[in-house]
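Only one chain is given next, in structure tokens, and it is the form predicted on its own.
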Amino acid sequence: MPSVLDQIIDGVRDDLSTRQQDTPLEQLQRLAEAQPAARDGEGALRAPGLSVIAEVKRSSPSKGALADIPDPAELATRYAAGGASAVSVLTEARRFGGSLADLDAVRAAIDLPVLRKDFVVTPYQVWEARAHGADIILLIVAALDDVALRELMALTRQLGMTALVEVHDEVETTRAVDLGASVIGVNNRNLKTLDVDPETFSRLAPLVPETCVRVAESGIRDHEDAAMLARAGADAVLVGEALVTGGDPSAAVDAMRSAGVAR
């Protein structure tokens, strides 16, 4: 039986086929090249203290609907006011309720680096991210072989963007490091099963060189979790659900960011 990740990627490829018919690659490349230079996502995450990547997230495969977000730009502005280092925007539609329109709205509203969070499996999607103003792109090791991952990382660098290379086990971490990833996200959620193991980050972080940016992802509920991850070596946390359901996203971001000061 296909894993949850496989099922998501099948849907992503179907939707991608439609977009490619509507906007050929050559047109997309012209749009990308007309964009201002990408902001320095890696540099933003290397700032002192614990960086927070705050996410615009409507739903998830594991929890279903999370929050009604009528104005993603307003939410992103509140994240920025709380001290977020970057804002992540889910653009996958079927399982996460996201869209490129959300990315456009957030890009227009804030001056922070913006992460396009999706299931990127082709160069077209990297060009697409840049054309819509993204500065950071998520590359999931579990979804890519080494040839594809190397190609997508190289294109990301060529476009001046930052690749957040996501891993969830020892083999994937070794692959990411060996291929030269400089920003590595450790996902506590196994995308093949959707199970969350809160110990995943602390187990894998020692495999990531200190020269890399270490990002902890998934299962981060509050500032106490953020502080624990900072002590385990996290330079940044990526948080969605807790921020969109907590009622005061600015205060929540500020609390998580401040939690890393005492590590």
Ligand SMILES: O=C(O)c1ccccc1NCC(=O)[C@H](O)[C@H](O)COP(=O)(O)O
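From a predicted model like this one, the values you see are computed outputs, not experimental measurements. Note that residue numbering follows the sequence shown and begins at 1.
Missing here is the form predicted in complex with this ligand; even so, the following discussion is about that form.
Partner-contacting position among Q125, N187, T162, S85 - heavy atom within 4.5 Å of this ligand in the predicted complex: Spelling it out, the residue with a heavy atom inside the cut-off is N187.
Between L31, L194, L207, A47, only one gets a heavy atom within 4.5 angstroms of this ligand in the predicted complex; which residue is that? Contact with this ligand in the predicted complex is made by L194 alone.
For this ligand, considered in the predicted complex: do all three of Y79, A226 and S258 come within 4.5 Å of it, counting heavy atoms only? Answer is no for this spot.
Contact stretch among 37 to 45, 234 to 242, 23 to 31, 199 to 207 - heavy atom within 4.5 Å of this ligand in the predicted complex: Of the stretches listed, the one contacting the partner is 234 to 242.
Is R116 one of the residues lying within 4.5 Å of this ligand in the predicted complex, judged by heavy atom distances? Residue-level check for R116: no, no contact with this ligand.
My question is simply whether S218 lines the interface with this ligand in the predicted complex - judged by any non-hydrogen atom within 4.5 Å. S218: contacts this ligand in the predicted complex.
Heavy atom of V89 within 4.5 Å of this ligand in the predicted complex: Output for V89 is no: heavy atoms all beyond 4.5 Å of this ligand.
Does the 4.5 Å heavy atom contact test between D135 and this ligand in the predicted complex come out positive? Flag for D135 set to no.
Are there residues in 121 to 156 with a heavy atom within 4.5 Å of this ligand in the predicted complex, and which are they, in order? Residues within 4.5 Å: none in this stretch.
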